[in-house]
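A single chain, nothing else alongside it, follows as structure tokens in the form predicted on its own.
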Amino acid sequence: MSWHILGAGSLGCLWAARLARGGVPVQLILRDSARLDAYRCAGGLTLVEQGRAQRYAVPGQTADDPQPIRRLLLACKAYDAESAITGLAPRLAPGAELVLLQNGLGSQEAVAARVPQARCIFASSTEGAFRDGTAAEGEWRVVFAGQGHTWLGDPLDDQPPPWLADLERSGIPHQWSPDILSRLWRKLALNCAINPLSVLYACRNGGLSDHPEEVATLCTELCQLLHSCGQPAAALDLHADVQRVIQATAANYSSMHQDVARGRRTEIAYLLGHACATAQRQRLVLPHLAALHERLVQYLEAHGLPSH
């Protein structure tokens, strides 16, 4: 059965190239005919792994193609996910399965509400990839930067799907997680403790070592939030894990910092915004988290970027 992939960013292209390499049928869905023409001119996707480049002629199509979709990887940004699936909903075959590879929380529930007839599987990934802008075909040339892992799970059905064999065959490191929400909450908490401060202090992740009290206070409040949401496992040793990530990625700029530096919309609503909205619903007072959200909103607006 063929996979369809919507979201031709670095991770979407990374998945498409590896599935094709594993002999799994896969199609890229591109937003319009001009983008499809540009993709076809490039001759497919080029995956660069350990300095070696290999091209894969993954077929492409537009969203209005009539072919039914039975298995879809949604790899677009969190703020585009709901509208993207609304456009594709008429193409979903009965019993279609969706893999939702979005940052943060909130977009997954919005997508699932739009397509109640489909099975929605949530994913959390630590893999790293970027598009090689130095090459002429840079938009379709993806560098596999960091070997990581992808956890997949379905909050409504803990039975793993048989197509995990496709990922095995394609060399995509993965694990079925019966408690995927715990993993997503943990990643959200890590992002909330690191990304906003890296933007506000205009620093690499390692620069947050200069603000230990602020980081510790945020971790304390995030742990309160996780416990109130029934996610105690996600709160376990959070502060130590945040410190570990800061040290391990000291030379890196966070994804939110990179978005701001490039003048792109951030995923604030699905990270810090989601955390603060959840706290409000729980009637939980988290003053430092709320103040951080307000500071970040003001910063984004001052730089002409969306704050939601």
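Quantities reported herein were computed from a predicted structural model and do not represent experimental measurements. Quick note: we count residues from 1 along the sequence shown, nothing fancier.
Keep in mind that the form predicted in complex with a small molecule is not shown, yet the notes after this line are about it.
Between the small molecule and the residues Leu36, Val245, Ala269, Val48, the one pair within 4.5 Å by heavy atoms in the model of the complex involves Val245. Comment: the small molecule is not present in this chain, but in the model of the complex one of Leu73, Leu218, Val111, Ile194 has a heavy atom within 4.5 Å of it, namely Ile194. Contact check for Arg119: no non-hydrogen atom falls within 4.5 Å of the small molecule in the model of the complex. Using a 4.5 Å cutoff between non-hydrogen atoms, Asn205 counts as a contact of the small molecule in the model of the complex. Residue contact check for Leu190: one or more of its heavy atoms lie within 4.5 Å of the small molecule in the model of the complex.
Put simply, Thr278 is far from the small molecule in the model of the complex: not one heavy atom of it is within 4.5 Å. Stretch-level contact analysis of 250-258, 52-60, 279-287, 38-46 against the small molecule in the model of the complex, using heavy atoms and a 4.5 Å limit, identifies 250-258.
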